[in-house]
Each structure stands twice: as structure tokens, then as C-alpha cells.
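Quick heads-up: it's one chain on its own, the form predicted on its own, in C-alpha cells.
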Amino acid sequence: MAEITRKWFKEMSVYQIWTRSFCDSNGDGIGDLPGVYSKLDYIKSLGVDAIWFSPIYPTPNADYGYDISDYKNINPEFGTLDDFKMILDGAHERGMRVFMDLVVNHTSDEHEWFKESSKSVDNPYHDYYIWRKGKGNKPPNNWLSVFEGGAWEYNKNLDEYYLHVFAKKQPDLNMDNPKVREEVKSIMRFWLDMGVDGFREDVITFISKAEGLPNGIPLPVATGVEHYKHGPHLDEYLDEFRAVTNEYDCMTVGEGPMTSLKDAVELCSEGPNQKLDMLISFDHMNADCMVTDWIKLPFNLRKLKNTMTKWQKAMYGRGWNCLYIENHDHARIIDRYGSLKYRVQSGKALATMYFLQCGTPFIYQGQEIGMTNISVDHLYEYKDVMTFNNYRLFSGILHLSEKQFLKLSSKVNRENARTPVQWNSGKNAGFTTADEPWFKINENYKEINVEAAEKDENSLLNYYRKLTKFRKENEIVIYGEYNLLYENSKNLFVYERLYEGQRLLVITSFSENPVKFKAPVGYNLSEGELVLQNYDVIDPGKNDFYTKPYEARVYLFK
């Protein structure tokens, strides 16, 4: 068995907050930091050890916080630096750490650096961004942005184009400029000196672009991505940033869209050349889609199992996995991999399946109560730049009507995860006292809310609490080796964890229909303790049984 290095971030669970939709304290319809502060005891009650904030910096909201106009301040919609310091102190007093989102592939076009950069080619800040002359009347190359058509925007005054891999209002920083890298280090030290415990680094694997910015392979979206998804200088730039974080007792988790498993292992392998502590992979989020969430396919459990198992095996003893099934960039997981008919049971099965693997588990706000996707009647009710870009693509290429697009969107849109958190069955789900919240509240809030879940001992919320407690109390969950069992089953996800003579058997069904289960070779269920389950089990020691819809059982063998 591989040697596992013990570290504090491996033993924690993390709660992700997308502040705008979390809790509104001042009645303006927008979630804010005082609202978060008011819920610190609730967050602590989940058994988590840390909070990760999606961006809370000043922003024009072209991409809801991922277009930053000032890296060393707080979005006035959310509060002040003093409000943040209050949360930092409050979290630390409760034994929880706080992580910030570090977004340095791009800034807002309203950042002072970009305003200066746009004034003249001789401006000291001009080289903070990637400017190029066009080719005749065309952009410098054929790259497409992830969000908005072409990846180049023309500036008439300069007769140059600037690169934006994402939205037009998100110009890419020129990380090849040493001054830009020094700015990034200054930002990191600003927050770390304040007491922040680490960073989730947004699309950090995109920060180095290929020399000469060559044309990309033509794709409907993101043409050119092969020239920046792991660019030529990525490793050395990450080394520079790692040198800063090594000065502090902190953690870094990088987001790496389309990063290969091989590259992820190299970036996270422990030792003197380690770049990141963890990497957020997207592979396991493709079990019901192809390339992007928007190209929908039927859910395939085998695909999910194989993908997760590859990451478990490759990282074990070398790096560390980031475990998640929901965040701000994906639709709600019960709608995708679970069942609305069996919302609570499938929610528990999903939670069991991912939470007990080897890695640090993340819980996204609302996930713990089983929040679901929404439907809207009109396109204008949506808020996100990505939604509108996809509408242009799908209406143009596939000729979808608005009604057809809205039907697809209700299944796959990341805005499904951005509806306000449902705290109670009162006005606006207890999210805000305003007449209108900033975004639509799911109509099922009277049934699905925190207050109702608190009163139900069998709720999904209370099951998550059991999971965090069990993980804390059993090192086998944190450090144990992972092996997939029932590999070819289309309906069962079964695996074992092995550690210091103990064994953990995790059984989850992904079917509404009964599925025959037989204890794997070497296991006698009567010799184990049934430590977690989502149904009452009359005879837990029986080695052969038929599963109930989305049943989950966890046995511990000592």
C-alpha cells in the first residue's frame, strides 16, 4: 500500500459559498457577507472545517464576480473589508478555515490595469494584457472564446486587438510579463497576511499561452484551447506562486478544465516540485454529457465509476483528489445523476458515493438540502453571459426555438445552481426581505428548505452531518486505499476502502428498480457494522438482497 502523507487539508470537508445567492442581510435582494456571518453557526453545524468563497471582489458582474476590477477589496454589494474580516475571525473562532477564489487568468476590463493598458501602446500597463495587431481586417488568430464568439476584441484607438478567452469584459492577463506575476504574488500575500487559509485558483491551467499564438483546431466553442490549456510556461509560473504559498500554512486547489489525468498527477504530486495541493477535475461531471454539460446524453453509471476510479488510483500515494458533485458551474446533481422522484434517497446515495472516496470533499450551498433545477418561462429571466452565448449557438447551429432552448437549459444550465438558498417556507424562502430577489427562487422552496430539513431527523441535511462526522472519526475514509468492485454493473457503484487492517464497503444503487446485490468475495456482511444507510435495514447481515430505489449502505469491518 502506498505511503500517504498526513496533512490538515486532507482531513477537512469544505463548504462552498456563492455569496450573491446565499443570504441577504439588508433587504436589497442580493446575498452579502453579513448574511454569511449570520449563518456561520449553521455552516459549522454541518461538520465542515472550511469555507470557500467564490469571488467576492469588486466587479461589474459581467461574469458574476469572475471579472474582477479590484483584487484587494470587497464587492460593495456584498459589504466591506471589515465585514470580511469579521467573517474571517468568526470562522476561525469556530475552528473553520477560509479560502478565497484567486482569479488571475483575466481581469475585468474595468480594472485600472486594463484602463491604463488601453490608453496607448507605450503605456506601462499595455503589456499587462495580450494585445496584437490584426491580420488585415481579421483578428490575430481564429480562437473562439468560451463565452462570447471570437476571442479577440478590437480597440479602434490602438488599432489592436486584446485577447479574452472568456467574456469580452474579461481580458486575459499576460502572465509572460514578470510584472504581472509580481502583481499576482502581491494579491496572494495581501489576503494570506490578513489570515486567509488558501486559494481556489480559477482556470489556473490557462495562464500560459503558446508562443506566437497559433491558430487552433476549428471547434464550435473554444477554438485554440489546445494552445493554452497547459501552456509552455505553466509549470514555472505555478512554481513562482507556490513559493509564496509555501511561506504560509495554507492550501491551494487549482481549477483545470480539460486537464488530462497525467498532467493533474504531475501538478499535484507531493514533493519539492509540487505545484498545487489539489486539482478540480471536470471528468466525472461528463457522465451524462459530451465535452460540455450542454450536449446532453443519458446518465451512464459505468462512465462515472470508471472516471472516478481512474482519478482515485492515479492520485493515491502521489497527490490528492478534490471530491465534489456540485458547484456554481454545474446544474444540480439530483436532476442529473439522481432522481427527482426519489430526491432525498438519491441525494443520500450520491452523497455517500462521492464523500467516502479518498480526497477532500466539497459541499456546495443548497446541496445539503437537495436543492433542484429551475425552469423559467422567458430567456430574459436568466442572468448569465454563458446562457446567452449558448442560446446564440444552439439557435444558430441547431435552430432551436426559445422554448426548446429553455427546456434544455432547465436540465443543464449552471444557473440552476445559482438560485437563492432556500432557508424556510416564508417569503422568498427566507433569503431576503426584498420584494424581488436578484434571481428567481425555486418554486419548490416550501417543501425543500433548511428549516424543514432541520426538523426531519431523516433529512438529507442530517445525513450530510452524519457523513462529515463519520469521516472525521474514521481515518480509513481519509487515508484508505480505494478499490472498485462490481465494475461492470450498470446500476451499482460499489467500492472498498482499506487502511491498517480495516475495511470499508460502500454500496450505492443508482436505480429506481430492485437490483440484486451479493456480497463481494471475501466479505461477510454479518461480520461488519452497518454504519450508514438511507433506508431502515431489517437484516443488515444478509449477504444477498435486492436494493431499494437509490439505496446506500456502508459497512465497516474492523
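Note that residue numbering begins at 1 and tracks the sequence as displayed. Only a predicted model underlies this, so the values are computations on that prediction, with no experimental measurement involved.
Beyond the structure shown, there is the form predicted in complex with a small molecule, which is absent from this document and is the topic of what follows.
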In the model of the complex, Asp63 touching the small molecule (heavy atom, 4.5 Å): yes
Is there a heavy atom of His106 no more than 4.5 Å from a heavy atom of the small molecule in the model of the complex? yes
With heavy atoms only and a cut-off of 4.5 Å, decide whether Ile369 touches the small molecule in the model of the complex. no
With the partner left out here, check for me: in the model of the complex, does some heavy atom of Lys275 sit within 4.5 Å of the small molecule? no
Contact residue in the model of the complex, from Arg418, Arg332, His227, Lys305 (heavy atom within 4.5 Å of the small molecule): Arg418
Partner-free chain; cross-checking the small molecule in the model of the complex, the single residue of Lys310, His284, His328, Arg465 with a heavy atom within 4.5 Å is His328
Each of Asp32, Tyr71 and Asn73 within 4.5 Å of the small molecule in the model of the complex, by any heavy atom, yes or no? no
Which single stretch, out of 342 to 350, 165 to 173, 399 to 407, 232 to 240, brings residue heavy atoms within 4.5 Å of the small molecule in the model of the complex? 165 to 173
